[in-house]
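Single chain ahead, written as structure tokens, the form predicted alone.
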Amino acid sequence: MTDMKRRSPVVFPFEIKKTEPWEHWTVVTEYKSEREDLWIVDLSHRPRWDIQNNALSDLKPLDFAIPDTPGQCRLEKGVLINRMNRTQASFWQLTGERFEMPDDAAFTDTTDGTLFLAMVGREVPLVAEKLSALDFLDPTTTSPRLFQGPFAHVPCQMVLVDKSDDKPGILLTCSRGYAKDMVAAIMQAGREFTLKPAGQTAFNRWVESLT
């Protein structure tokens, strides 16, 4: 039997330098003309789960604690858990080996039905403000912090992972069907700042720098 192939809905029109296979995906680890100070990365291959349960605060998936308050997020060991509301949370595996999803009705794998992007760099807030009315740099907001609302007119989950002046970062996920238009909108908004894609290697280094 031929191995199953999984494809990202995201395509960047830039020359790729390195790829590697990972869990039936071909993952770009490096582009030829990456920037260190402003970049976007496709993370659609990274596992994502939706968790819904009336006793959500009592769950501890794979020994990771779910935040108590809606909007709160927890970043730990390459995993980001976002509390969406009283009964719902999202579990994003940013780096490392893939975890097996618990065999529990509370968990739904959303990886193949959504796209997943990260934007990192000093001008990220300037790019984001072109595409959303949400105030990611509200001085009263701490990071990581979950935002739910429109981005480029598309319903999204977005997490302000870091709001430092050096390399702020925003992660976002939405329905896979919006991938082409979402990427086009972000690249257009970032054109004046010369936004470029980066691979998983650059993203891994950034996540490591946060912990």
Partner chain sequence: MALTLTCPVCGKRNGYEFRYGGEDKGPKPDGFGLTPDAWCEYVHMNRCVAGIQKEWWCHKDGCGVWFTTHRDTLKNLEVEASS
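Residue numbers count along the first chain shown, from 1. Bear in mind the structure is a predicted one, so any value in this text is a computation, not a measurement.
Form predicted in complex with its partner chain: not shown, discussed below.
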Looking at 163-171, 25-33, 141-149, 51-59, which stretch has residues with any non-hydrogen atom within 4.5 Å of its partner chain in the predicted bound form? 141-149
Does at least one non-hydrogen atom of residue 131 fall within 4.5 angstroms of its partner chain in the predicted bound form? no
Does at least one non-hydrogen atom of residue 84 fall within 4.5 angstroms of its partner chain in the predicted bound form? yes
Does the 4.5 Å heavy atom contact test between residue 70 and its partner chain in the predicted bound form come out positive? yes
